[in-house]
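Just the one chain here, laid out as structure tokens, in the form predicted on its own.
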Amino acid sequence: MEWETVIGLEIHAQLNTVSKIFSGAPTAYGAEPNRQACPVDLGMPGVLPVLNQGAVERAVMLGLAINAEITPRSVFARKNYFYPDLPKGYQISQFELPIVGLGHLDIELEDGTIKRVGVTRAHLEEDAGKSLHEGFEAMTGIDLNRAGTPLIEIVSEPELRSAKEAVAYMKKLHSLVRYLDICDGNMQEGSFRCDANVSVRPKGQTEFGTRAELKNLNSFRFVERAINFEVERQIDLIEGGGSVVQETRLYDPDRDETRSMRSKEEANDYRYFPDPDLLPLVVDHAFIDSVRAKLPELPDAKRARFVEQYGLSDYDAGVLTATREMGDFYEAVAGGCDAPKLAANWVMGDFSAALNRSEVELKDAPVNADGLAGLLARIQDETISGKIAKEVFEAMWNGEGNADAVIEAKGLKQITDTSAIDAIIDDVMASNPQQLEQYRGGKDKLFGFFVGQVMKATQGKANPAQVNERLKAKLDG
């Protein structure tokens, strides 16, 4: 039997507000355990939550970016369940009336086609604390610093049909929240994480199969591996005469498998009801327009502009707009040297390779956009060759100064004096009479040999185009 996979993702993005969603407690990551949980976060008697306007602005910004409906009147509800890292015994979330309604996200598939994935809703809620298992023998530690951190949960329609599609959707959303600067997207710290609802059904069947929810997947690689394992598990189970049970499962990356955690709750299990301490959230047109005015250029628009304005390929434009920081960096380099394609090649090539090799973030790179543009300008005006530029770049990366300083200190200026190049070519021809005779006898491949000898004699400083032109004239003369 041929099977079809059905996947829906619930992505939780921590909003990068300074304080928590219903209190003034800080949200900074890495504090000592339980130092950033105030009485409001802990639900102490007599305290009242106060909604953080910054969280609302960020939610509306996301809604506008995915062309979603913004709900003019949304409601906060209490989601009741008991877990050690949930100090109040309930989570403040949104249920029937979320702030962001139906929207969509376009993703690019491996074959280059564009698929539109529906977004069911995106709602505001508070994060829970964190259970810690390492360093506790036969016990679990509870850190409540994260409790109350603002989250937006983005729920897709069940329209993803493979693990690769799910990863493409997740990556697109990850890029978007970073472009909007509403979430830092740090998956290692849990700022951006995913639950995947996975089911299978016979090809052609319209009714959905029974789904399993895979919880807290915090890397693109784990999302793909967990979904692929779960799909195979469900198919094997059904084909073996069993049936899939609706449940929540955890992914174990060490064993590359999912395992049962608990039965999957339905909405009525949480006994949702409107939070009596919070008024309905009302956003008017003026507020929405003020948020719209803050929207940056979005990834798809920037990619299209790079193709149009700079003459880049779709692939190059896609790489250079993968993050807002990289797109801004590229534009600064291209503007500084007036050579868009050369800038693209260097930013995607030597510069990105150096970032990876040094394991530094773009903002911490020892060569900034002005520095790289200065280097490329020296290639443009033929002060140095592209090959010598790589040597100059390495010196710049190692802190030896800007391009001009390195070129001067190392004596790397390109030889462009035709008479000097001619003299070197004459010496090379005189030193290699046998190869000269063979070349003039029809062995054209030896031309590369002579080019190499001339470049070696000049330590790579001779202008390659001039070398080729003058060498050709002399060899054939």
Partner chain sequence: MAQETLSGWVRKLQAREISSRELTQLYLDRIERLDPQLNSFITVTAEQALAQADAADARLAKGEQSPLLGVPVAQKDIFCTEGVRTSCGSRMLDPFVSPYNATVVERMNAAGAVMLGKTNMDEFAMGSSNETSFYGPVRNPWDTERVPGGSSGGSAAAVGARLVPGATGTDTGGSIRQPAAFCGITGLKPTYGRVSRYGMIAFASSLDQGGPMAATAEDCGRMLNAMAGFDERDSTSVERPEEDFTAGLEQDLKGLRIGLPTEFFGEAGLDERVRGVIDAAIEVLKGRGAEVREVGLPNSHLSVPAYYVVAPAECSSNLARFDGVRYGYRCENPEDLMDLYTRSRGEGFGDEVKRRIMVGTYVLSAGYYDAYYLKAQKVRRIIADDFRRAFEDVDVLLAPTTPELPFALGAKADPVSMYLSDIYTIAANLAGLPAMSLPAGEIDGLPVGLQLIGNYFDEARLLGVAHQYQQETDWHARVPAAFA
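Numbering follows the first chain given and starts at 1. The structure presented is a predicted model; accordingly, all values stated were derived computationally and were not measured.
A second form of this protein, the form predicted together with the partner chain, is not displayed here; the remarks below concern that form.
Undergrad: Which residue among Ala332, Ala168, Leu278, Ala365 has a heavy atom within 4.5 angstroms of the partner chain in the predicted complex?
TA: Checking each option against the partner chain in the predicted complex, the one that comes within 4.5 Å is Leu278.
Undergrad: Note which of Ala423, Ala31, Val50, Ala409 lies within 4.5 Å of the partner chain in the predicted complex, where distance is taken over heavy atoms; exactly one does.
TA: Contact check passes for Val50.
Undergrad: Tell me, yes or no, whether Ser358 is in contact with the partner chain in the predicted complex, where a contact means a heavy atom of each within 4.5 Å.
TA: No, Ser358 sits far enough from the partner chain in the predicted complex that none of its heavy atoms falls within 4.5 Å.
Undergrad: Can Pro202 be called a contact residue for the partner chain in the predicted complex at 4.5 Å between heavy atoms?
TA: It does not: once the partner chain is placed as it appears in the predicted complex, Pro202 has no heavy atom within 4.5 Å of it.
Undergrad: I'd like to know if Arg211 sits close to the partner chain in the predicted complex, meaning any non-hydrogen atom pair within 4.5 angstroms.
TA: Close contact is absent here: in the predicted complex, Arg211 is far from the partner chain, nothing within 4.5 Å, heavy atoms only.
Undergrad: Is there a non-hydrogen atom of Asp404 within 4.5 angstroms of a non-hydrogen atom of the partner chain in the predicted complex?
TA: Asp404: no, not in contact with the partner chain in the predicted complex.
Undergrad: Report the stretch among 317-325, 269-277, 368-376, 188-196 that approaches the partner chain in the predicted complex to within 4.5 Å, counting heavy atoms only.
TA: Within 4.5 Å of the partner lies stretch 269-277.
Undergrad: Within 4.5 Å of the partner chain in the predicted complex, which residues of 71-92 have a heavy atom? Give them in sequence order, or say none.
TA: Contacts from 71-92: Arg78, Asn80, Phe82, Tyr83, Pro84, Pro87, Lys88, Gly89, Tyr90.
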